[in-house]
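Here we start with a single chain on its own, the form predicted alone, put down as structure tokens.
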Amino acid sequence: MSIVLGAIADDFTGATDLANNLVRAGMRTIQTIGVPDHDFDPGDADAVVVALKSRSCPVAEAVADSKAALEWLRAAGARQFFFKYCSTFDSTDQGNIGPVADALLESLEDDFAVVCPSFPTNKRTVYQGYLFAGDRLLNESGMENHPLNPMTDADLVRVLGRQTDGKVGLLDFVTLQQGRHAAIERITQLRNAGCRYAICDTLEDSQLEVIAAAISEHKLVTGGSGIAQALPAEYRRLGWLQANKDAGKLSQISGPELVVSGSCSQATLGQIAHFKENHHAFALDPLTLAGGDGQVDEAIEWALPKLGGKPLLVYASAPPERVRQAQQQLGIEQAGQLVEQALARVARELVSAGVRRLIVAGGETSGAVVSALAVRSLRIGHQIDPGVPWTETTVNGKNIALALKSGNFGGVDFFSRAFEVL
């Protein structure tokens, strides 16, 4: 077996976001949950995305898991490797983006990689090294209130510089406007100056195309899913990839529909409010969950007789002040685990009861749910909204349509419209 691109993603929804863009650009893509077994066969896939849960875990664990994924992808024959993190670059000053990138470069015996989190379609852009979410600096966008990785600095040269002992430079907007050859020349200058990384300015997709053309034969690319959508065209130019107009074809799957949400992002809170206008919803509360399984049992009993009608929603999403209250009383880690475990159990029990179309909102929640369902791989289908595709997997011998949504992604009507896409 041999694949063109081997990718390592630091959370499950981020992996799906990346895989979605690869499929849209014509690459047949499989997403695995964790490092695959040695005998795993990706079939006709052009790309394999290994989804880890390494964004917020201890640095040593993130590095070890990422290196294990790299070794599997190398054995599978990947021509290029991709380290995928969120377009909001969320991590701590200790990592995990810098340490993982350092470890991957070392394993590949290389000394340089671009850093390109931008995704202009989703209003994530970088200018002069500063990351914007919409028209706001990252640290003024709501990400400063992130419950696990609050982002209080938008200067990515500075942020990454605190996570690595390597020098961080800038591949600037003016250079990228001059095209591929100017970008290659600037990269050469940065490498000669001892830079290990270059933060990439990007305001439009045209800059992503220039970056992709300049780094198509680099051993390692790091970034969000935006740059990935520009890479397949370069692979075709190099003769590594054949054209494919139906890379996202999935089976037809029908049956009861469910949404579970643990994300507390502003986007997801808006989607929940919109969905509740015309659908049944059940809210879980971390403080109540701390008292035992009673509320989870109640949610399952509430949902069972309603399956097969309109899509249902079970959620633990809450505004920042409510999240802080729960974290203060329970601790950040325990509050998060209670929510993840509760929603994972709800999803597992209701899939066993017949749910065949499932949406999960939130990266940590998605990780807990796919683990509870014992999902090992996903075939990536067509896009619902930028960054979020439907996927197909098998649970208990039955095909399931599954969408894993990053908290910040999707329009306000995402939940209801996603089922209409199917």
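In case it trips you up, residue 1 is the first one in the sequence shown, and so on. We call the rigid core the largest set of C-alpha positions that still match within 1.5 Å between the two forms. Computed from a predicted model, the values in this text were never measured in an experiment.
In what follows, reference is made to the form predicted in complex with a small molecule, a form of this protein that is not presented.
Looking at G362, you'd find a heavy atom of it within 4.5 angstroms of the small molecule in the predicted complex. Using a 4.5 angstroms limit between non-hydrogen atoms, S406 touches the small molecule in the predicted complex.
Contact check for L104: no non-hydrogen atom falls within 4.5 Å of the small molecule in the predicted complex. In the predicted complex, G223 stays away from the small molecule, with no heavy atom inside 4.5 Å.
When contacts are defined as a non-hydrogen atom within 4.5 Å, none of E257, A281 and L350 contacts the small molecule in the predicted complex. Here is the short version: of P232, G248, P286, G129, the single residue with a heavy atom within 4.5 Å of the small molecule in the predicted complex is P286. Interface residue among A335, A299, L208, A113 relative to the small molecule in the predicted complex, by the heavy atom within 4.5 Å criterion: A335.
With the small molecule left out of view, the stretch that reaches within 4.5 Å of it through heavy atoms in the predicted complex is, among 178-186, 261-269, 193-201, 236-244, 261-269. Taking 2 Å as the criterion, R74 does not count as shifted between the shown form and the other one: its C-alpha moves by less than this amount when the rigid core is aligned. Annotation for G224: C-alpha shift under 2 angstroms between the shown form and the other one, rigid core superposed.
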